[in-house]
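We give structure tokens for two forms of one protein chain below, kept apart as structure 1 and structure 2.
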Structure 1
């Protein structure tokens, strides 16, 4: 089987070589064999591994969590139940953030409409003092 250079892996996975080395450093990619020149040589499935990491990141997992999970797995202790529980917490977090952002969006829409009212009554070049209106809406 042909082993890949770091740049090939990076390219195929759509990340930078720095990112690959970073992943190794924090332990989500394991140390890999080196050729005579000291270059890292990766088995092809590493690309999938990197993509999997990226996907886990977008789902809200952190590199630190992934590294802990992989370490635990390498130690022969299947972390599946913990992983499942962790994903559950991620879901709760995402839902919280959506809720918070939805509130923000509503507030922003309100703010915009009140600003537009105010701007209609403010001649060009005058001060509408928009930010001063921010407080009344708070309550």
Structure 2
């Protein structure tokens, strides 16, 4: 098995060398060896690990969570149910954010409609006092 240099791993995984170093520091990459010159050397499966980490991050997992999960796996303790529970919580958080954004969107649509009406009734060059209407709507 030929070990890879850090730049080779970074290029193959589509990330920066600094990202690889950071992943090593936080413990999500562990199979790192040093050659006689002190260069980091990684097994080929590291590229897939980095891709998996990147995908997990896009789903909302944190590096701390991934580090804990990978430690459990390395210790022979299957973290599958914990991973599933974490993903379930992340879905709930996303749904909460979507609900909040939907509320903000509806408020913006109403506000813009109200402002359009006000601007139609405001002579050119006159103040429409749009921001002041925000206070009226909260009363």
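Positions refer to the first chain, counted from 1. Here, rigid core means the biggest group of C-alpha atoms that superpose within 1.5 Å across both forms. Fair warning: this is a prediction, and the values are worked out from it, not measured in the lab.
Comparing the two isolated chains, structure 2 is the one taken from the form predicted alone; structure 1 is not. Hinge residue for the rigid-body motion between the two structures, chosen from 89, 39, 67, 111: 89. Comparing forms between the two structures, one finds the smaller rigid domain rotated against the larger by 9 degrees.
On a core-based overlay, residue 120 has a Cα shift of 5.1 Å between the two structures. In the core-superposed comparison between the two structures, the CA atom of residue 106 travels 3.0 Å.
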